[in-house]
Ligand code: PLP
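Below, in structure tokens: the form predicted on its own, a single chain.
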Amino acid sequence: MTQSHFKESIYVSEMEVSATLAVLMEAERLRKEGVDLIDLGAGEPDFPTPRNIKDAGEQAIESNFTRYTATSGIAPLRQAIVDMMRRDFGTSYDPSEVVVTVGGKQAIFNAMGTLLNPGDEVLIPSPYWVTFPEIAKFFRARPVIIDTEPDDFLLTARAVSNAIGPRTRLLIINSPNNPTGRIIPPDEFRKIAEVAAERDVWIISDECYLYFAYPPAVPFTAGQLSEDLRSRVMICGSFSKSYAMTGWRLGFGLGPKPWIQSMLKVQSHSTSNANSMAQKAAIEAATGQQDSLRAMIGEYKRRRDWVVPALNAIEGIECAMPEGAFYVMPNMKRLLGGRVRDSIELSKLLLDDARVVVTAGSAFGMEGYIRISYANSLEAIQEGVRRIGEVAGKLSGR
């Protein structure tokens, strides 16, 4: 029998493995070896899923709610998502404009897949979540990167207008942003949406970190846009971050009904429905007491307020104060050159010498930076920053 040789399809061959996944895998390998690691690379809350949500999931199992559901998700959950967005942001959606997905990532994947044709262009502000350009490539579309560094990592209507070309089909907005934590002000968000509508460009608004906005910043959802503007926008949301439900894999798409119906068509031939027990738990997350969410946001603000000044006190590091999410993205350019040439080598040095896990900025399209997650205890963050400072001191010659 001749040996077969697997060859990837052209749709997959241009994709790269998620850099954030690579960080987690390397950290896991070292943990198994008993290495004392400070993990500042993880992109998930360090809090447990709240007790009331776990109870709802357990009750679903005990009551044998373990079968298939409608591909779009159970009606009570779709209604709960609509009600949650109305309660917290004053939006007006119908349950027919909701699809429940296997995490927020599936909502983004399906939304892009149902809109893009080969040769279309997708505007992606940089720094970006690592998955955005890879999904575009999978559908044979071309990522067009908008560099936001000159505007302090804030996407502007002017930058969007300048980037739109004859093949532009889609703009991706991620606010609060992963990896920078920046939040687009509401007025600028509206201007961006107006520019996109005028130029016949559709929008995906990744709002997985929507609730993580620290005063005086306020969360702003695309659902608060005027009806004519939001008719061209797909909100992709998630229960993963707000309710510490990353492993439950529960997200949603919220947008114009024709787009939702197209996403349902794709989902019916891929995953079908999201986990039935997780859907019951998500109803409790959306409609139950919100004390755990408020407590989590308060703790993240406390950590942010410590970590930014601490990083800025280290020679060679500059770090802006983010308005949201749970990341900071310090500028490490003054430490590069010579022994350490780029952010990947710096991340490797921090892992090897300091036993600190961070993510290279190049993974997010922004060389010269690293992403630090403060989704860890304050004590761990303090020790991690101390170790980073030691490495920085050696690189700067102190």
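When you see a residue number, it is the position in the sequence shown, counting from 1. If you're wondering where the values come from, they're calculated on a predicted model, not measured in any experiment.
There is another form of the same protein, the form predicted together with pyridoxal-5'-phosphate (PLP); it is not shown, and what comes next is about it.
Proximity to pyridoxal-5'-phosphate (PLP) in the predicted bound form, defined as a heavy atom within 4.5 Å, holds among Ser72, Asn110, Gln279, Asn174 only for Asn174. Distance criterion of 4.5 Å from any heavy atom to pyridoxal-5'-phosphate (PLP) in the predicted bound form singles out Arg249 from the list Arg169, Arg249, Arg190, Arg304. Interface membership of Gly43, defined by any non-hydrogen atom within 4.5 Å of pyridoxal-5'-phosphate (PLP) in the predicted bound form, is confirmed. pyridoxal-5'-phosphate (PLP) is not shown here, but in the predicted bound form it comes within 4.5 Å of a heavy atom of Asp206. Trp129 belongs to the set of residues with a heavy atom inside 4.5 Å of pyridoxal-5'-phosphate (PLP) in the predicted bound form. Remark: Gly103 counts among the residues lining pyridoxal-5'-phosphate (PLP) in the predicted bound form, judged by a heavy atom distance of 4.5 Å or less. The chain is drawn here without pyridoxal-5'-phosphate (PLP); in the predicted bound form, the stretch among 235 to 243, 313 to 321, 267 to 275, 112 to 120 whose residues come within 4.5 Å of it by any heavy atom is 235 to 243.
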